[in-house]
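First, one chain by itself: the form predicted alone, in C-alpha cells.
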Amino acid sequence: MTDEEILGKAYDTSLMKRLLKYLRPYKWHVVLGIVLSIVVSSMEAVRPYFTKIAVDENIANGDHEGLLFTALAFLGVLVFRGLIQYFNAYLTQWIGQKTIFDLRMQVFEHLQNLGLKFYDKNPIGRLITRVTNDIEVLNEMFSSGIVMVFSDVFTIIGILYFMFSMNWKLALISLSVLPLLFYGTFLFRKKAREAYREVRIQIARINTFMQEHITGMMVDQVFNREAKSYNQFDNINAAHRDANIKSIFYYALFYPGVDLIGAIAIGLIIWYAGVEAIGGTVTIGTVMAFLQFNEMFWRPIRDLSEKYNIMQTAMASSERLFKLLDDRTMIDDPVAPVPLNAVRGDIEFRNVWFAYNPGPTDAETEWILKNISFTIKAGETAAFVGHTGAGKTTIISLLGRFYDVQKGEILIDGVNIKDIRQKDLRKHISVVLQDVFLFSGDIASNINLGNEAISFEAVQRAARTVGANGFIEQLSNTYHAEVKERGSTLSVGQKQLISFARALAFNPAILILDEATSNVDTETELLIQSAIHSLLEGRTSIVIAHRLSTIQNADKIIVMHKGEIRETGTHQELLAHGGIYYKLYQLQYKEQETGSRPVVQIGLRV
C-alpha cells in the first residue's frame, strides 16, 4: 500500500498525542477557545427558551412590558453571542495557522536534513503533496476540529438539558428517531472513507504528473508529445473528478437523509404535543420551543459528521507526515566532531567500497566502487576519466559526504570525514556541476547564495575573475537582474559562468569540476578557460572529464573502469602505458580528425 492509500482511523490515540504537541505553545489560547465555544453553545441552546417565556408567560397573560423585556433580552443574547462567536472564530483560525506554520517549517527543515539517498527513492510530487495538501488537512483539524467540536457537543448537551427540563416525554419522542440517524451515519462514514481515500490517491497522481511534465516540458514539445501528455492528464484528471463526484454523491444522500429524519421528528412532536395540548397538559410555548430545539439539534449532528471526516483525513495525513518526519535517511554528524577550521587540501581514499543499495551480503551487493585507494596532495589537480557508470561522480558525492561508504575511509588532511561535521566539511568544498542549478532571485543572490559573509564587492570580484561580468553588466539591472526558475532566461554558458563565480566567491580549499564544460559551445568554452585557470590556482582540484584533451596538464589522471581504478599517472605516462587511457585518447583523436566538434584544451596547470 502506498502512502496515499493510507486510510486512517477516525481517531488514533498515538497520532493525536503527537499532533497535540504542536498545540502546546498555544495551550492557553486553546483553553480560551474551548471556554468561548461553551459560552456560544449555551447561548445557542437558550434561544428557544425565550420563545416559551414569550408565548406562555408574556403573550398568554397580555404582559406587554414583559414581552418587550423578553424581546430585548433575546436581542442582547444574540448580539453578545455574535461578538463571542466572532472572537472565537478568529481565535480558532489563528491557532490553526500558527500550528500549521510550525509544522510546515519542521517538515521543510527535515527535508533539508535528509540525505540524497532519500530523494533517490521519493518522487518530488509526493513530497509536495505532504507539505501542501496533507498539512492543509491538519489545518482544518486544528482550526475547525479540536476546538469547534466542543461547541457542537455542548450545544447538543444544552439542548438536551432544556428539552428534558421542559417535558421529558416530549424529549423522548423527539429523540426516538436517533437509531435511524446512527444507522445512516454508519453507512455514510463507511462509504465516505473509501471515497476520500480515492480522492487523495488521485490528488497525489495529479501532483506527480504535473511536476514531472512541467519540468520536462521541453522534451514534450521537441518530440510533439503534447497531445499524448494531454490525453494522459485528461485520464488522471477525470479519475480525480469521478472520485470527487462519488464523495459528493454520498454527501447528497446523507444531508437530505438527516433533514428527513429531522422532519420525521417534527412530525412526531406535532402529533404527540398536539394531542397533549388539546388535553391541556402541554403549553403552546413548549410546543414551539420543542420545534425550535428539534431544528437546532440536527445542525450540530451534521457538523459532527463533517468533523468525523476531518478527523479521519487528518489521521491519515498525520500518519503520512509523521512517517516522513520519522524517516532517518540522513547522514548523522559525529557526537564529538573534529574541528576543521583551516584546510590544506590533502585528500585520501583508503580501500573504499560503496553501493547505493547494499545487499544482505557482500556477494549480493552491486558495488559501485570497489576497493578504491588514491591520494591527492594539497594544491594538486587530479582528473578522473572513464566510461559512463564507471563511478566518477560517485567519488565526489562521497567526498562531500552526501553518502557514507560501506567500507574503507575517506580522509581530508589526515582526518576521517566521518569525524567532521558536514557543515564544516562542505564549507571547504565547492562543486561546479554539468547541470547548473540556479534559484529564483537575481544574479548576485545566485552567486553568494544568501551568504552574508560574501559581500556584494566579493560577488563582483568573483564574476570579473571568471569573466562573467561581461554579460552581467550588459543586463538591464546588472547583478540585480531577475533570474527566473532554474535560470530559464539565461543561456547554458551564462549559467555555467555564474556557477564558476559562485564557486570562486566561496573561496574553497577543494574544488570539484564535474563535466563543467560539456554543455557549452566552443566560443563559451574558450571564455571559460581563464575562469577555470583562476579557480584552480592554489587549490586542490578534482576534474571529471570525458574529453581527454582538456586534462592533459593535470598532475594526476586516474582511469576508472566498472568501479575500479585501472590506471594512474600523467597524460604522457598513460599514453606510453598503452592501456585504457591510450585507447580512449586514440578514439577521441580519430573523432576529432573526422570532423566532430573541435576540442579545446582548457587551462589546467598552464
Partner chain sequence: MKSLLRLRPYLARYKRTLLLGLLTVVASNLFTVAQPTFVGHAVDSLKRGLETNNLEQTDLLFWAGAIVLFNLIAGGFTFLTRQTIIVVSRKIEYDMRNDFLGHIQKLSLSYFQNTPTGDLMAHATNDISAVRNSLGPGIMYPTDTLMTFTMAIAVMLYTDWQLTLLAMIPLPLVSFAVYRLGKLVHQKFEERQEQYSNLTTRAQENLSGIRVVKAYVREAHEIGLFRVMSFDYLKKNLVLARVQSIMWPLMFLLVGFSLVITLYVGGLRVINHNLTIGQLTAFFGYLVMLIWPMIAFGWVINILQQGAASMGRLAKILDTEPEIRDTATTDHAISHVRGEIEFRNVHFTHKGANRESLTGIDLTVPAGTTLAIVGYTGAGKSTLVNMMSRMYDVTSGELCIDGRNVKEIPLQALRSNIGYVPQETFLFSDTISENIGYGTDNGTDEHVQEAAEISRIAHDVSDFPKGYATMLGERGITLSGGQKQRTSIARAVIRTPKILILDDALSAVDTYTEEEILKRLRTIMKGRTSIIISHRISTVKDADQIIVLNEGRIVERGSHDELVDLGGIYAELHRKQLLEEELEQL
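Superpose the two forms; the largest set of C-alphas matching within 1.5 Å is the rigid core. Quick caveat, the model's predicted, so the values are computed rather than measured. Numbering follows the first chain given and starts at 1.
What comes next is about the form predicted together with the partner chain, which is not displayed.
In the model of the complex, the partner chain sits within 4.5 Å of a heavy atom of Q221.
Of the heavy atoms in F456, none are within 4.5 Å of the partner chain in the model of the complex.
Although the partner is absent from this view, K323 stays clear of the partner chain in the model of the complex, with no non-hydrogen atom inside 4.5 angstroms. Though the partner is left out of this view, R225 does reach within 4.5 Å of the partner chain in the model of the complex, counting heavy atoms only. Checked against the partner chain in the model of the complex, the residues I264, L187, A481, V153 give one hit for a heavy atom within 4.5 Å, which is I264. Exactly one listed residue, out of M315, V177, A509, V282, brings a non-hydrogen atom to within 4.5 Å of the partner chain in the model of the complex: V282. Heavy atoms within 4.5 Å of the partner chain in the model of the complex map, among the stretches 360 to 368, 402 to 410, 333 to 341, 470 to 478, onto 402 to 410 alone. Residues I206, N207, F209, M210, Q211, E212, H213, I214, T215, G216, M217, M218, V219, D220, Q221, V222, F223, N224, R225, E226, K228, S229, Y230, Q232, F233, D234 of 198 to 235 are found to place at least one heavy atom within 4.5 Å of the partner chain in the model of the complex. The Cα position of H240 differs by 2 Å or more between this form and the one not shown after fitting on the rigid core. Residue displacement note: F500 has its CA displaced by under 2 Å between this form and the one not shown (rigid core superposed). In the core-superposed comparison between this form and the one not shown, the C-alpha atom of N231 has shifted by at least 2 angstroms.
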